[in-house]
Ligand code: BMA
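Quick heads-up: it's one chain on its own, the form predicted alone, in structure tokens.
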Amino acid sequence: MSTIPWQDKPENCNDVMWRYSENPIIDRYAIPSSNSIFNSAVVPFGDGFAGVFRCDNKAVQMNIFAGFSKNGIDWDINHEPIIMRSGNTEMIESAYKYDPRVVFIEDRYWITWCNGYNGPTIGIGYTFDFKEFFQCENAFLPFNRNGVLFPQKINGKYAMLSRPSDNGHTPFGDIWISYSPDMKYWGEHRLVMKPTPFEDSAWQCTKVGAGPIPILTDEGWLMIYHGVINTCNGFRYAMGSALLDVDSPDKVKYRTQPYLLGPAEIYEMVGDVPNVVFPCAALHSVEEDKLTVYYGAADTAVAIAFGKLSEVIRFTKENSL
């Protein structure tokens, strides 16, 4: 596998995670049709990386596009959206697609996204080569967002985090987990995590949602997530982390009271939706103790942040609610 993108911690940085000095790595106009490119997913692929990118066009129609990179920073994104073929269903209707996640499980790359089918729900598809894509049955009834698969089966079943929602800009949101024997039928829904009381941790008091694919560690599943506070200036999104039980991921062992990364740079505070740090993908190396998180900045561009994997885990445990 190619070396994951990395930049050493600046000398004047006291935070557990730090931003890439050349952020954003993908500009809103990176392809001719785009109004914005953000909330996108990246995985190792071949001798480099592949990704599925949310690209809203200049009519602000939401769709997902494939892209490739040698180094995980400089991307060649296809100019046309992904065309889906039938996977385990003939029903591949979709009014929109946005906020994808990607994970390799067993023999293929699985993609989840927010799929427009009589309201937002969780679309599922797969690819072997990021050239041909196959759409499967939607996982849940509308309304739902932030579908995030685990990278391996748990107790013999596929597992997915999600956030039941409503048809608009949801003013609430909990993280749930669901299981499937076959990536078609989903059940055994269990609550994982709710927003916090305002006085305990205000940055995540309105809603929470899973971000990148969870990372298996000796301390449990490391789940990077977003938390939201509803301010007088609208929603503000920041990034936190939690450790879930390995065998029963509905059990939260630790959860950060302070955020890991919140909107502070101009590209996070100014854009189509101000004050948003929205993590969707993470690359990690246990051997090198590295964690690289891709996040949407102000619903406009893609940026990355870095952290030592061991330090993020320690920070999560030592600063837990």
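From 1 onward, residues are counted along the sequence shown. On a predicted model such as this, the values are computed, not experimentally measured, just so you know.
What follows is about the form predicted together with this ligand, which we do not show.
Looking at this ligand in the predicted complex, residues F53, I73 and Y294 place no heavy atom within 4.5 Å of it.
Put simply, F134 is far from this ligand in the predicted complex: not one heavy atom of it is within 4.5 Å. By the criterion of a heavy atom within 4.5 Å, V276 is counted among the residues contacting this ligand in the predicted complex.
Contact annotation: N39 falls within 4.5 Å of this ligand in the predicted complex, judged by heavy atom distances.
Contact annotation: Y109 falls outside 4.5 Å of this ligand in the predicted complex, judged by heavy atom distances. A heavy atom within 4.5 Å of this ligand in the predicted complex is found for exactly one of F130, W221, Y158, Y98: Y98. Contact annotation: this ligand lies within 4.5 Å of heavy atoms from the stretch 276-284 in the predicted complex, the single such stretch among 26-34, 276-284, 255-263, 64-72. In the predicted complex, just one residue of 219-238 lies within 4.5 Å of this ligand by at least one heavy atom: Y237.
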